[in-house]
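Next up is one chain by itself, shown in structure tokens, the form predicted alone.
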């Protein structure tokens, strides 16, 4: 009996092991991103004495000056430059101030007056406030900068004008994703219908065109749209030759170019789910509706179309989620006011080397998607209760 129990336990372990591994591989990156968004160990470790001083709520006095000078002397020139770069993200001029102070730290009298005599900026409270906010092990500065929600100085929180820039970019990201989703559904539905219900020749041509999109790089397709839509491109040239327009239209590096290129790239992801659902609808249902006196339009709207909504929901949801994370296509075809949140996440990682801000913006996008899904589930649940008369 014991051997049988051991065998069952081993089999059960093997069955749940893939699920545990999947959960671990999925959750660990999220936990890592979450920790990066508030982690300030890189600065806190370098300014350990100053961090301990501010941790006791002590004022900016000679003891703070001693701690600062000791921390700067304990760093090499590379560490001082890196710390200055991080402080520079909040207040310009900090990098040069720390580098110069660090070089002369051994000759500066270890007092607040000595620091002020070396550089008058050390006598201004604003520079010390930046230090105090940024030398703690855990920081909320990235969250505050990303959301715009900051202390208002009166014990509360508020959003100052202009500080909500990343919230507006987040809204813009959802708007562009929604526009692309709507267009892919409008264009993809008749194409999916043609594949599911057309003649063999029509099915083959449309399906081949859809599948060819998967065999072409996103970068190549996006670059092709740049060539087509630019001022001296093929489309403007054709419209001018036909006499439709007198001057070239601005079709690229704006919202139009972004939406058109993203729609082309994501169109197959809307077509395939709708096509698969349409293929499962028996043709006998349409024939029965027509035999009972319904016309082709009424048959389509009351019999066929409602059954395809499941495929439209799957395709639209897939396109929407994929569009939220698009980076290459908006970067190449959009203007400054058409970049999505992923552009700024990549910019913080590659140019600013600010992993904290990139992590917070990523979590903002993730949280927004989760909230949207929860609202959708709630609406669906309420609709189900209403149909059941609960």
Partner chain sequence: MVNPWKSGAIAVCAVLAAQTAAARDLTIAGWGGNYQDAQRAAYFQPFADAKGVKFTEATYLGGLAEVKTMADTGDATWDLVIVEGADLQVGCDEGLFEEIDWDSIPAKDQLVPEAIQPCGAGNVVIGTGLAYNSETVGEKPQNWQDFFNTQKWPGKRGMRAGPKYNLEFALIADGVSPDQVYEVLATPEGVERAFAKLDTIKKDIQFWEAGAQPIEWLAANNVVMTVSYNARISAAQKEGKPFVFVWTNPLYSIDAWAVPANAPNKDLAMEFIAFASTAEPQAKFSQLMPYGPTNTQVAGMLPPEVLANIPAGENVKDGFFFSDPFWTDNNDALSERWNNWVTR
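We call the rigid core whatever largest set of C-alpha positions still superposes within 1.5 Å between the two forms. Numbering follows the first chain given and starts at 1. What you are looking at is a predicted structure, and each value in this text was computed from that prediction instead of being measured.
Beyond the structure shown, there is the form predicted in complex with the partner chain, which is absent from this document and is the topic of what follows.
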Is the partner chain in the model of the complex close enough to 224, 307 and 368 that every residue in that trio has a heavy atom within 4.5 angstroms of it? no
Interface check vs the partner chain in the model of the complex: of 243, 162, 200, 293, the one with a heavy atom inside 4.5 Å is 162
Taking any heavy atom pair closer than or equal to 4.5 Å as contact, tell me whether residue 133 reaches the partner chain in the model of the complex. no
Within a 4.5 Å heavy atom cut-off, is residue 45 in contact with the partner chain in the model of the complex? yes
Using a 4.5 angstroms cut-off on non-hydrogen atoms, would residue 334 count as touching the partner chain in the model of the complex? yes
Partner proximity in the model of the complex: residue 119 to the partner chain, non-hydrogen atom cutoff 4.5 Å: no
In terms of non-hydrogen atoms within 4.5 angstroms, which of the given stretches 277 to 285, 258 to 266, 191 to 199, 230 to 238 touches the partner chain in the model of the complex? 230 to 238
Heavy atom contacts to the partner chain in the model of the complex at 4.5 Å, residues of 235 to 251 in sequence order: 250
Flag for residue 59, CA shift 2 Å or larger between the shown form and the other one after aligning core: no
C-alpha of residue 41: shift of 2 angstroms or more between the shown form and the other one, rigid core aligned? no
